[in-house]
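Listed next as C-alpha coordinates is one chain, alone, in the form predicted on its own.
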Amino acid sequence: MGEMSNRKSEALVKTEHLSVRFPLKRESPFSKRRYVNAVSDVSIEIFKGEAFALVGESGCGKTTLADATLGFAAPSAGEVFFNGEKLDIRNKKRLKQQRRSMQKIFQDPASSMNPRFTVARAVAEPLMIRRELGEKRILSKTAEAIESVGLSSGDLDRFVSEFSGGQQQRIAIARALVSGAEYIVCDEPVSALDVSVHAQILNLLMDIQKERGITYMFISHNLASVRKFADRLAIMYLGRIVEYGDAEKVFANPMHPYTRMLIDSVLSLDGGKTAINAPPEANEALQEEQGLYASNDGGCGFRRRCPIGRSECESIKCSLEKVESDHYTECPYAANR
(Lines give C-alpha, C1' and ligand atoms only; values in the text may rest on other atoms or scores of the structure.)
Protein backbone atom coordinates (compact mmCIF):
# COMPACT_ATOMS: atom_id res chain seq x y z
CA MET A 1 0.00 0.00 0.00
CA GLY A 2 2.99 2.27 -0.54
CA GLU A 3 1.16 4.22 -3.29
CA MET A 4 -1.81 4.83 -1.07
CA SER A 5 -1.47 8.57 -0.50
CA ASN A 6 0.87 11.51 -0.81
CA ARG A 7 -0.25 12.46 2.71
CA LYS A 8 1.54 9.50 4.27
CA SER A 9 3.94 11.73 6.21
CA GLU A 10 0.93 13.35 7.89
CA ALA A 11 -0.44 10.16 9.41
CA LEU A 12 -1.37 10.76 13.05
CA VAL A 13 -2.36 7.15 13.79
CA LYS A 14 -0.91 4.14 12.03
CA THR A 15 -1.11 0.39 12.57
CA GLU A 16 1.21 -2.15 10.97
CA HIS A 17 0.02 -5.77 10.75
CA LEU A 18 -1.82 -5.31 14.03
CA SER A 19 -3.46 -8.34 15.65
CA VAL A 20 -5.26 -8.59 18.98
CA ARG A 21 -6.50 -11.90 20.33
CA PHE A 22 -8.15 -13.05 23.54
CA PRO A 23 -8.01 -16.54 25.07
CA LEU A 24 -11.19 -18.58 25.35
CA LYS A 25 -12.05 -20.70 28.35
CA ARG A 26 -10.78 -24.26 27.98
CA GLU A 27 -13.44 -26.94 27.57
CA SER A 28 -11.29 -29.18 29.77
CA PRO A 29 -7.91 -28.87 31.52
CA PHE A 30 -6.34 -30.93 28.73
CA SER A 31 -7.94 -29.29 25.70
CA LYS A 32 -5.98 -27.07 23.35
CA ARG A 33 -6.12 -23.35 24.09
CA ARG A 34 -8.27 -21.49 21.57
CA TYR A 35 -8.41 -17.76 20.90
CA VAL A 36 -10.77 -15.12 19.59
CA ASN A 37 -8.90 -13.20 16.90
CA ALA A 38 -10.61 -9.88 17.50
CA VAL A 39 -8.24 -8.01 15.15
CA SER A 40 -6.22 -9.83 12.48
CA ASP A 41 -3.31 -8.33 10.52
CA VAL A 42 -4.71 -4.79 10.22
CA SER A 43 -2.64 -2.03 8.61
CA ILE A 44 -4.32 1.37 8.38
CA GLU A 45 -3.37 5.05 8.43
CA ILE A 46 -5.46 7.88 9.84
CA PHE A 47 -4.31 11.29 8.65
CA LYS A 48 -4.22 14.46 10.68
CA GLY A 49 -7.46 16.41 10.62
CA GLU A 50 -9.59 13.77 8.92
CA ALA A 51 -12.64 11.79 9.96
CA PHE A 52 -11.84 8.11 9.53
CA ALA A 53 -14.76 5.69 9.82
CA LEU A 54 -14.57 2.07 10.94
CA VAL A 55 -17.65 0.19 9.73
CA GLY A 56 -18.95 -3.32 10.33
CA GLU A 57 -21.46 -5.51 12.12
CA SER A 58 -21.54 -5.76 15.90
CA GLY A 59 -18.79 -8.03 17.19
CA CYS A 60 -16.48 -7.64 14.19
CA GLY A 61 -13.65 -6.08 16.25
CA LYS A 62 -14.17 -2.36 15.65
CA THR A 63 -13.95 -1.31 19.29
CA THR A 64 -10.96 -3.58 19.96
CA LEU A 65 -9.08 -2.01 17.05
CA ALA A 66 -9.95 1.48 18.28
CA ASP A 67 -8.87 0.60 21.83
CA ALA A 68 -5.54 -0.67 20.48
CA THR A 69 -4.92 2.73 18.86
CA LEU A 70 -5.53 4.29 22.29
CA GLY A 71 -3.22 1.87 24.10
CA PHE A 72 -6.10 0.13 25.91
CA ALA A 73 -5.79 -3.24 24.12
CA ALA A 74 -2.45 -5.03 23.98
CA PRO A 75 -1.36 -6.19 20.50
CA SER A 76 -0.59 -9.87 20.16
CA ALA A 77 1.32 -9.00 16.97
CA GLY A 78 2.15 -5.88 14.98
CA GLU A 79 2.55 -2.28 16.10
CA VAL A 80 0.64 0.96 16.64
CA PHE A 81 2.17 4.39 16.04
CA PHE A 82 0.91 7.77 17.20
CA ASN A 83 2.42 10.91 15.67
CA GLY A 84 5.25 8.79 14.29
CA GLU A 85 6.14 7.26 17.65
CA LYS A 86 5.45 3.67 18.66
CA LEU A 87 2.66 3.16 21.19
CA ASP A 88 4.14 0.80 23.77
CA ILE A 89 1.76 -0.21 26.57
CA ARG A 90 4.70 -1.59 28.57
CA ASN A 91 6.21 1.88 28.83
CA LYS A 92 3.60 3.28 31.23
CA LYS A 93 5.24 6.66 31.64
CA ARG A 94 5.53 7.36 27.91
CA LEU A 95 2.08 5.95 27.20
CA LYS A 96 0.60 8.31 29.77
CA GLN A 97 2.21 11.24 27.94
CA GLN A 98 0.90 10.06 24.56
CA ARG A 99 -2.60 9.62 25.92
CA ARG A 100 -2.75 13.30 26.78
CA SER A 101 -3.52 13.83 23.09
CA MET A 102 -6.24 11.14 22.95
CA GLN A 103 -9.82 10.90 24.13
CA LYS A 104 -12.84 8.65 23.60
CA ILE A 105 -16.55 9.43 23.30
CA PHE A 106 -18.65 6.42 24.28
CA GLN A 107 -21.89 5.06 22.84
CA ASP A 108 -24.03 5.67 25.93
CA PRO A 109 -23.27 9.04 27.52
CA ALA A 110 -25.32 8.24 30.62
CA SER A 111 -23.15 5.24 31.50
CA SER A 112 -19.88 6.99 30.63
CA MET A 113 -20.31 9.68 33.30
CA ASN A 114 -21.14 9.59 36.98
CA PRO A 115 -24.76 10.84 37.25
CA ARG A 116 -23.99 12.34 40.68
CA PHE A 117 -21.31 14.58 39.21
CA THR A 118 -22.11 18.14 38.30
CA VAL A 119 -21.42 19.11 34.71
CA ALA A 120 -18.38 21.06 35.89
CA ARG A 121 -16.96 18.00 37.67
CA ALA A 122 -17.67 15.64 34.76
CA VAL A 123 -16.12 17.90 32.12
CA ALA A 124 -13.13 18.95 34.23
CA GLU A 125 -12.23 15.39 35.25
CA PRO A 126 -9.35 14.98 32.71
CA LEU A 127 -7.79 18.23 33.91
CA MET A 128 -8.24 17.34 37.58
CA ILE A 129 -6.52 14.00 37.07
CA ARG A 130 -3.45 15.71 35.61
CA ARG A 131 -3.14 18.18 38.49
CA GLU A 132 -1.30 20.71 36.33
CA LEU A 133 -3.67 23.68 36.42
CA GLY A 134 -5.06 25.81 39.19
CA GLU A 135 -8.73 25.84 40.11
CA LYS A 136 -9.51 29.10 38.28
CA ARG A 137 -7.85 27.92 35.06
CA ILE A 138 -9.69 24.59 35.21
CA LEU A 139 -13.02 26.37 35.67
CA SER A 140 -12.24 28.71 32.75
CA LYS A 141 -11.35 25.86 30.39
CA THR A 142 -14.41 23.87 31.53
CA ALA A 143 -16.75 26.79 30.80
CA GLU A 144 -15.12 27.28 27.40
CA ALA A 145 -15.55 23.59 26.54
CA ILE A 146 -19.19 23.42 27.59
CA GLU A 147 -20.05 26.54 25.59
CA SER A 148 -18.28 25.12 22.52
CA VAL A 149 -20.80 22.24 22.41
CA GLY A 150 -23.86 24.49 22.54
CA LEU A 151 -24.58 24.45 26.27
CA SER A 152 -24.31 27.33 28.73
CA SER A 153 -21.79 27.97 31.48
CA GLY A 154 -24.89 28.33 33.65
CA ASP A 155 -25.34 24.55 33.33
CA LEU A 156 -22.05 23.79 35.09
CA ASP A 157 -23.63 23.49 38.54
CA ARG A 158 -26.40 21.14 37.40
CA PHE A 159 -26.09 17.36 37.71
CA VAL A 160 -25.39 15.28 34.62
CA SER A 161 -28.48 13.17 35.28
CA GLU A 162 -30.73 16.21 34.82
CA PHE A 163 -30.01 16.39 31.09
CA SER A 164 -31.47 14.57 28.09
CA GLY A 165 -29.47 11.95 26.18
CA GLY A 166 -28.45 14.40 23.46
CA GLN A 167 -27.37 16.98 26.03
CA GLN A 168 -25.41 14.34 27.95
CA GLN A 169 -23.56 13.45 24.76
CA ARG A 170 -22.72 17.13 24.31
CA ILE A 171 -21.29 17.09 27.84
CA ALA A 172 -19.27 13.99 26.97
CA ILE A 173 -17.92 15.75 23.86
CA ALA A 174 -16.96 18.76 26.00
CA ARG A 175 -15.06 16.43 28.34
CA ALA A 176 -13.16 15.03 25.36
CA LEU A 177 -12.29 18.53 24.16
CA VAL A 178 -11.31 20.17 27.45
CA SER A 179 -7.78 18.72 27.52
CA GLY A 180 -6.98 19.70 23.92
CA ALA A 181 -7.01 16.19 22.42
CA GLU A 182 -5.69 15.75 18.86
CA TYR A 183 -7.26 12.33 18.34
CA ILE A 184 -10.77 11.35 19.44
CA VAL A 185 -12.37 7.94 19.05
CA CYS A 186 -16.15 8.27 18.62
CA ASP A 187 -17.56 4.83 19.46
CA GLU A 188 -21.11 4.75 18.03
CA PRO A 189 -21.68 8.27 19.42
CA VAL A 190 -25.28 8.60 18.18
CA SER A 191 -26.63 5.03 18.21
CA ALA A 192 -28.01 5.30 21.77
CA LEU A 193 -29.70 8.63 21.08
CA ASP A 194 -33.12 9.54 19.75
CA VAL A 195 -33.20 9.76 15.96
CA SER A 196 -34.19 13.43 16.17
CA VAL A 197 -30.82 14.40 17.68
CA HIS A 198 -28.55 12.24 15.47
CA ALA A 199 -27.97 14.98 12.91
CA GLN A 200 -27.39 17.59 15.63
CA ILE A 201 -24.58 15.60 17.25
CA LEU A 202 -22.97 14.69 13.91
CA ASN A 203 -23.08 18.31 12.77
CA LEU A 204 -21.57 19.40 16.09
CA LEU A 205 -18.69 16.93 15.70
CA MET A 206 -18.06 18.12 12.13
CA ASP A 207 -18.11 21.78 13.17
CA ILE A 208 -15.63 21.08 15.98
CA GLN A 209 -13.34 19.26 13.55
CA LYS A 210 -13.32 22.22 11.17
CA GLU A 211 -12.59 24.67 13.98
CA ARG A 212 -9.91 22.66 15.80
CA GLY A 213 -8.46 20.30 13.18
CA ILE A 214 -9.19 17.27 15.37
CA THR A 215 -8.68 13.76 13.97
CA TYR A 216 -11.57 11.34 14.49
CA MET A 217 -11.95 7.61 14.37
CA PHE A 218 -15.70 7.20 13.94
CA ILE A 219 -16.98 3.70 14.77
CA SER A 220 -20.35 2.84 13.30
CA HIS A 221 -22.53 0.27 11.56
CA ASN A 222 -24.73 3.06 10.19
CA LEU A 223 -23.59 3.76 6.63
CA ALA A 224 -25.93 6.75 6.29
CA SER A 225 -24.06 8.53 9.10
CA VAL A 226 -20.69 7.42 7.75
CA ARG A 227 -21.43 8.73 4.28
CA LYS A 228 -22.17 12.14 5.73
CA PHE A 229 -19.28 12.23 8.17
CA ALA A 230 -16.25 10.31 6.87
CA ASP A 231 -13.34 11.37 4.67
CA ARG A 232 -11.90 7.85 4.54
CA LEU A 233 -13.12 4.52 5.89
CA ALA A 234 -12.37 0.87 6.51
CA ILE A 235 -14.92 -1.93 6.25
CA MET A 236 -14.27 -4.59 8.90
CA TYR A 237 -15.45 -8.20 8.95
CA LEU A 238 -14.47 -10.82 11.56
CA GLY A 239 -11.42 -8.87 12.65
CA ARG A 240 -10.07 -8.09 9.17
CA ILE A 241 -10.22 -5.01 6.96
CA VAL A 242 -11.95 -6.13 3.76
CA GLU A 243 -12.19 -2.75 2.01
CA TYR A 244 -10.35 0.48 2.72
CA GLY A 245 -9.75 3.96 1.36
CA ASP A 246 -11.40 7.19 0.27
CA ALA A 247 -15.03 7.19 1.43
CA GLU A 248 -16.47 8.68 -1.77
CA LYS A 249 -14.69 6.07 -3.89
CA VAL A 250 -15.82 3.17 -1.71
CA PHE A 251 -19.45 4.32 -1.82
CA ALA A 252 -19.32 5.04 -5.55
CA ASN A 253 -17.56 1.78 -6.44
CA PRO A 254 -17.88 -0.80 -3.65
CA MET A 255 -15.80 -3.84 -4.56
CA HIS A 256 -15.91 -6.38 -1.73
CA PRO A 257 -19.15 -8.42 -1.64
CA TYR A 258 -19.58 -7.58 2.05
CA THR A 259 -19.29 -3.83 1.38
CA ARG A 260 -21.82 -4.11 -1.43
CA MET A 261 -24.15 -6.05 0.82
CA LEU A 262 -23.92 -3.39 3.54
CA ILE A 263 -24.59 -0.57 1.08
CA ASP A 264 -27.43 -2.41 -0.65
CA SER A 265 -29.11 -3.09 2.68
CA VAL A 266 -29.19 0.66 3.40
CA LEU A 267 -30.43 1.68 -0.03
CA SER A 268 -32.96 -1.13 -0.46
CA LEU A 269 -36.64 -0.14 -0.60
CA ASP A 270 -38.09 -3.66 -0.98
CA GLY A 271 -38.58 -4.65 2.64
CA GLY A 272 -34.97 -5.37 3.51
CA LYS A 273 -33.88 -7.59 0.60
CA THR A 274 -30.52 -6.70 -0.87
CA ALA A 275 -29.46 -6.61 -4.49
CA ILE A 276 -26.82 -9.21 -3.67
CA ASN A 277 -28.50 -12.38 -2.44
CA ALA A 278 -26.48 -14.52 -0.05
CA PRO A 279 -26.69 -18.30 -0.49
CA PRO A 280 -29.69 -19.94 1.30
CA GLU A 281 -27.38 -21.59 3.80
CA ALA A 282 -25.71 -18.27 4.72
CA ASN A 283 -27.58 -17.73 7.98
CA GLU A 284 -26.91 -21.28 9.15
CA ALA A 285 -23.22 -20.69 8.44
CA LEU A 286 -22.91 -17.75 10.85
CA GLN A 287 -22.28 -19.96 13.86
CA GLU A 288 -19.58 -21.82 11.95
CA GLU A 289 -18.04 -18.49 10.93
CA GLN A 290 -17.69 -17.56 14.58
CA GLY A 291 -15.76 -20.80 15.04
CA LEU A 292 -13.36 -19.73 12.29
CA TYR A 293 -13.11 -16.37 14.02
CA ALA A 294 -12.01 -18.15 17.17
CA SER A 295 -9.63 -20.69 15.65
CA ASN A 296 -8.27 -18.71 12.66
CA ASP A 297 -8.16 -21.81 10.46
CA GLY A 298 -7.53 -19.77 7.33
CA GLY A 299 -9.45 -18.97 4.17
CA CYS A 300 -11.79 -16.06 3.54
CA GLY A 301 -14.00 -15.47 6.57
CA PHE A 302 -16.84 -14.17 4.38
CA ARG A 303 -16.95 -17.15 2.03
CA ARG A 304 -20.13 -18.76 3.43
CA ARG A 305 -22.15 -15.58 2.92
CA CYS A 306 -20.50 -14.55 -0.34
CA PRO A 307 -22.55 -14.52 -3.58
CA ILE A 308 -19.39 -14.84 -5.73
CA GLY A 309 -17.51 -17.32 -3.53
CA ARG A 310 -15.70 -20.30 -5.05
CA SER A 311 -13.84 -23.37 -3.83
CA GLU A 312 -10.50 -21.53 -3.72
CA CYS A 313 -11.88 -19.27 -0.99
CA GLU A 314 -11.58 -22.16 1.49
CA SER A 315 -7.80 -21.75 1.61
CA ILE A 316 -7.03 -18.44 -0.08
CA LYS A 317 -4.67 -16.00 1.63
CA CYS A 318 -6.46 -12.65 1.50
CA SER A 319 -4.66 -9.31 1.41
CA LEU A 320 -5.66 -5.80 0.40
CA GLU A 321 -5.24 -5.15 -3.32
CA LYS A 322 -5.38 -1.78 -5.03
CA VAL A 323 -8.51 -1.03 -7.05
CA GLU A 324 -7.76 2.63 -7.73
CA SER A 325 -5.93 5.45 -5.98
CA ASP A 326 -6.64 5.23 -2.22
CA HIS A 327 -9.10 2.35 -2.66
CA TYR A 328 -8.28 -1.25 -1.68
CA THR A 329 -10.21 -4.49 -1.33
CA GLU A 330 -9.30 -7.85 0.18
CA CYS A 331 -11.26 -9.94 -2.36
CA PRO A 332 -9.07 -10.80 -5.39
CA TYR A 333 -12.06 -11.94 -7.46
CA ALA A 334 -13.94 -8.69 -6.85
CA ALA A 335 -10.83 -6.63 -7.67
CA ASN A 336 -10.10 -8.46 -10.92
CA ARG A 337 -13.59 -9.07 -12.30
Partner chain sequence: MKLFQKSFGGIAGFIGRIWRHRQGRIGLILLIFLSLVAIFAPLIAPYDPYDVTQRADKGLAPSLEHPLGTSITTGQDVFSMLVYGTRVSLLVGLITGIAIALLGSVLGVAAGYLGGAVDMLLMRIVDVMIVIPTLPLTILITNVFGKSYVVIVLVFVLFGWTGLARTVRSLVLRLKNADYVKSAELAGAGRWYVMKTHILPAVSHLVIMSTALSCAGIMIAEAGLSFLGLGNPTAISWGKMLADAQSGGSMLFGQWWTIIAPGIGIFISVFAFMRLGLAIEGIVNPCMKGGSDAKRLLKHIRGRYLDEVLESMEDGAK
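Positions refer to the first chain, counted from 1. Keep in mind the model is a prediction, meaning the values are calculated, not measured.
Absent from the display: the form predicted in complex with the partner chain. The rest refers to it.
Q: Looking at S225, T215, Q103, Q168, which is the one with a non-hydrogen atom within 4.5 Å of the partner chain in the model of the complex?
A: Spelling it out, the residue with a heavy atom inside the cut-off is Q103.
Q: Select from the listed residues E135, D194, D207, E85 the one whose heavy atoms reach within 4.5 Å of the partner chain in the model of the complex.
A: Only one listed residue qualifies here, and that residue is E135.
Q: Is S265 a contact residue for the partner chain in the model of the complex, using a 4.5 Å heavy atom cut-off?
A: Outside the cut-off, so no.
Q: Any of the heavy atoms of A74 lying within 4.5 Å of the partner chain in the model of the complex?
A: No.
Q: Would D41 count as touching the partner chain in the model of the complex under a 4.5 Å heavy atom rule?
A: Close contact is absent here: in the model of the complex, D41 is far from the partner chain, nothing within 4.5 Å, heavy atoms only.
Q: So in the model of the complex, is the partner chain close enough to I89 to count as touching (4.5 Å, heavy atoms)?
A: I89 lies outside the contact set for the partner chain.
Q: Are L70, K96 and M128 jointly within 4.5 Å of the partner chain in the model of the complex, each by at least one heavy atom?
A: Yes, the whole candidate spot contacts the partner chain.
Q: Can you tell me which of 198-206, 247-255, 76-84, 105-113 lies within 4.5 Å of the partner chain in the model of the complex, counting heavy atoms only?
A: Looking at the other structure, the answer is 105-113.
Q: Which residues, if any, of 137-163 lie within 4.5 Å of the partner chain in the model of the complex when only heavy atoms count?
A: In sequence order, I138, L139, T142, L156, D157, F159 come within 4.5 Å of the partner.
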